[in-house]
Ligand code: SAM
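Next up: just one chain, as structure tokens, the form predicted on its own.
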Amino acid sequence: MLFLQSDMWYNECEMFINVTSPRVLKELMAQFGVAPLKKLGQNFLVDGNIADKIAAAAAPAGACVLEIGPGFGALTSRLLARGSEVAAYEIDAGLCRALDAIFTGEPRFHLFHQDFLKADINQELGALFGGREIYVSANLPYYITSPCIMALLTARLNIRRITVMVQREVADRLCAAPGSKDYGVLTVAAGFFSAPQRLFNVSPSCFYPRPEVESAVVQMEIAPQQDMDFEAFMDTVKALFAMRRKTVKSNLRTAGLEPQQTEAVLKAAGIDENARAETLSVRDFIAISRELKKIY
């Protein structure tokens, strides 16, 4: 398909098809037989300014980038123009055909036609990027947001930063403070590695087709707790949130601790036995995990 000069997006000496143009996007969809699939949460970004902002925030120039769900490459083109090497995971076959055509001959673009959640990213990205720092950028559908974030947090890769566009209510959960209604397991899991920050909200009008909900871009600078096993930590978090209305004392008893053990653990961790999980800080969960480790 021939595109006019006005349909191209330029960055110094590089040129890419302007896939944030609704007209170009619709032509590409027709050419490659792509229809937005609701079951995959496909809403394509059609605002070049937002794409520029995300690319600039996601990774420094020349970085190694993991992109999840690139769509037609609105963000991909910006990342490549900044000198990044991009490994993109896309599950949709029609989109993969389009991406192959759009970025043909681009040696810094690596496309994996796979379900990200089923991929062996440790092996694949380890072979591609080695031990270099990896920056993650993704536009995550609601139904896979939590599993994708958990997969990234637990990956055995040198992930330095995660920048994700998510449904606004997920952003609320990721950035929630202790004691708020949105504070929960996902908040604490992300907080173990970072202090998630909401960068900006994104209007439904920035997408095609237009979603029914607002989105937000959240960023996590990864700095893991080196002396704490994440799996053990998450076992503690899930146990304490098992019955949200119950106290931490009750939830530890339900998890199998004897009364004396429960009292000793909470006292040593400096936690009020009548507190609820939603009021605890990440440090509180870490303190309880450390005390539980002495028992098990």
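Since this is a predicted model, take the numbers as computed values, not measurements. For every residue, the number given is its place in the sequence shown, counted from 1.
Although not depicted, the form predicted together with the ligand is the subject of the following passage.
Q114 is the sole member of Q114, S180, N158, N122 with a non-hydrogen atom within 4.5 Å of the ligand in the model of the complex.
Residue L40 is the only one of M228, M243, L40, A255 with a heavy atom lying within 4.5 Å of the ligand in the model of the complex. Although the partner is absent here, L79 is not a contact residue: none of its heavy atoms lies within 4.5 angstroms of the ligand in the model of the complex. The closest heavy atom approach of G191 to the ligand in the model of the complex falls outside 4.5 Å. In the model of the complex, the ligand sits within 4.5 Å of a heavy atom belonging to Y89. In the model of the complex, the ligand sits within 4.5 Å of a heavy atom belonging to Y143. Stretch-level contact check against the ligand in the model of the complex with heavy atoms at 4.5 Å: of 259-267, 229-237, 61-69, 245-253, the positive one is 61-69. When contacts are defined as a non-hydrogen atom within 4.5 Å, none of I149, T163 and V218 contacts the ligand in the model of the complex. The single residue of 95-113 lying near the ligand in the model of the complex is L95, the criterion being any heavy atom within 4.5 Å.
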